[in-house]
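In structure tokens, the next block holds one chain alone, the form predicted on its own.
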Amino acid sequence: MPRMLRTPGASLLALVALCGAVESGRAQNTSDQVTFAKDIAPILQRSCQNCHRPGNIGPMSLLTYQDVRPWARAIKQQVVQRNMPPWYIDRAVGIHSFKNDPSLSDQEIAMISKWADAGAPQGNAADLPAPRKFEDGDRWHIGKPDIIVTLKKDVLVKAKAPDQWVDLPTEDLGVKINRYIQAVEVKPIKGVAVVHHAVATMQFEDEQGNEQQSLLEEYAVGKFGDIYAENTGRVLPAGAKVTMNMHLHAVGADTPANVAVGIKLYPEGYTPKHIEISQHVGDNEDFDIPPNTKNVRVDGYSVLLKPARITAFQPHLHNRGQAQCLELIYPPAQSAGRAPKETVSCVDRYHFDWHIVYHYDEDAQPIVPAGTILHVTSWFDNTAGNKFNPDPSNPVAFGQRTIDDMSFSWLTFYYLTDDEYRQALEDRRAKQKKLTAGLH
């Protein structure tokens, strides 16, 4: 994988983030014994329980000691291998500061390991934190939506049906005037196992009365939706309708499927400063993955024609996906004629079950000039060592089916004017200078 070329201040920001993670993960128990009540329960509340509770996607509940105790060894194994919580950013490369990072610090992982190895002691019940309270909105990763619509009726996937792609209408959004979207999420509510992806598209009339359409949001396995950055959003036009393009595949039993779209709106009358864009970048449809082969590399490129601020990154690969990196290649410096480059994010252990959107912290979001090339590099593993691989003896090429593969990133960003770009850089440098001064 490409190595990171750091811009001034990047190492300092990474150091501060690391120090914060160490501090948050430091054990509060001054005795040698680590207990569930005092040490483990707070970790589970922060990073595990939203999924691992009755009625949600986790396979077991982790709300109480009685729930957790039988799984102590398995929990240790999963966190030591950093399989759980799902977060697969390479910690040695690029940006380390994210808004939605549920991952555990090294100290927290060591604490869970020590607890499991000691027989998973419960400890003093008086040390337990208050139970975490969940609201209906917690079932949505974007928070409680203002609008929720589903397909007008379920679609039945037969037990042995071939893969199918269908366009289906959702219920009416009921939007009478133009509003702005703060966050949006698409998720299956029936038949999760048969839904490979679901892409919600808006249809609406523009000011001239012409029919238009635009991408609203995509669901892929394990994707948690998009929360737009501060002072940004997307317009939801009055009278807009939503059509869902679904890729469905059989799982050996007749399965009804349905999906929901949840939309969180800004207050009526509010207009965000910037309009965010989520789109494919670095697409490459011309590749072949030989059988029984790993570390197969595929490269793709896109260009940002205006200055921009990048807010989120999400790899998109299929079953043979192994890793993916996003590199920024900046326009050639006028004095030297060279094109400096910087690897900002790598997912070094791609998991087909988790299409995670990695939202950069405000102070870590890349601010890039017009002409920046987005270089997406993907690696594929078509061997039996890849647990997601349905058949390592087959060659694989680009395609829409689950057993085919793809190579691109979803990138979320918004454009800046030249003046906004210069001001954003000045603000970033001032913050870094202030941070540097505070450490001396």
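Computed from a predicted structure; not experimentally measured. Counting begins at 1, following the sequence as shown. Rigid core here is just the name for the largest C-alpha set that superposes within 1.5 Å across the two forms.
This protein has a second form, the form predicted together with a small molecule, left out of what is shown; the following refers to that one.
Quiz prompt | Region of this chain that lies against the small molecule in the predicted bound form, out of 368-376, 411-419, 391-399, 51-59 [heavy atom, 4.5 Å] | solution = Flagged stretch: 51-59.
Self-check item: The unique member of 246, 104, 325, 181 whose heavy atoms fall within 4.5 Å of the small molecule in the predicted bound form
Solution: Of the candidates 246, 104, 325, 181, 104 is the one lying within 4.5 Å of the small molecule in the predicted bound form.
Quiz item: Within 4.5 Å of the small molecule in the predicted bound form, heavy atoms considered, which of 85, 145, 225, 191?
Solution: It is 85 that has a heavy atom within 4.5 Å of the partner.
Quiz item: Is there a heavy atom of residue 211 lying 4.5 Å or less from a heavy atom of the small molecule in the predicted bound form?
Solution: Looking in the predicted bound form, residue contacts with the small molecule do not include residue 211, since no heavy atom lies within 4.5 Å.
Practice problem: Determine whether any heavy atom of residue 47 comes within 4.5 Å of a heavy atom of the small molecule in the predicted bound form, and answer yes or no. | Solution: The answer is yes: residue 47 has a heavy atom within 4.5 Å of the small molecule.
Quiz item: Wondering, does residue 196 line up within 4.5 Å of the small molecule in the predicted bound form on heavy atoms?
Solution: Taking the distances in the predicted bound form, the answer for residue 196 is yes, it comes within 4.5 Å of the small molecule.
Self-check item: is_contact(residue 200, the small molecule) in the predicted bound form, heavy atom dist at most 4.5 Å
Solution: Residue-level check for residue 200: no, no contact with the small molecule.
Quiz item: Under a superposition restricted to the rigid core, does residue 328 display a Cα displacement of 2 angstroms or more between this form and the one not shown?
Solution: Residue 328: C-alpha displaced by less than 2 Å between this form and the one not shown.
Exercise. Return yes or no for residue 222: a CA shift of at least 2 Å between this form and the one not shown, with the rigid core superposed?
Key: Where the cores coincide, residue 222 still shows a C-alpha shift between this form and the one not shown that is 2 Å or more.
Exercise. Align both forms on the core first, then report whether residue 197 has a C-alpha shift of 2 Å or more between this form and the one not shown.
Key: After core superposition, the C-alpha of residue 197 moves 2 Å or more between this form and the one not shown.
Quiz item: Given that the CA-CA distance for residue 221 and residue 49 shifts by 3 Å or more in the predicted bound form, does it become closer or farther?
Solution: Residues converge in the predicted bound form, at least 3 Å closer.
Quiz item: in the predicted bound form, do the Cα atoms of residue 222 and residue 347 sit closer or farther apart than here, given a shift of 3 Å or more?
Solution: Farther apart, by at least 3 Å.
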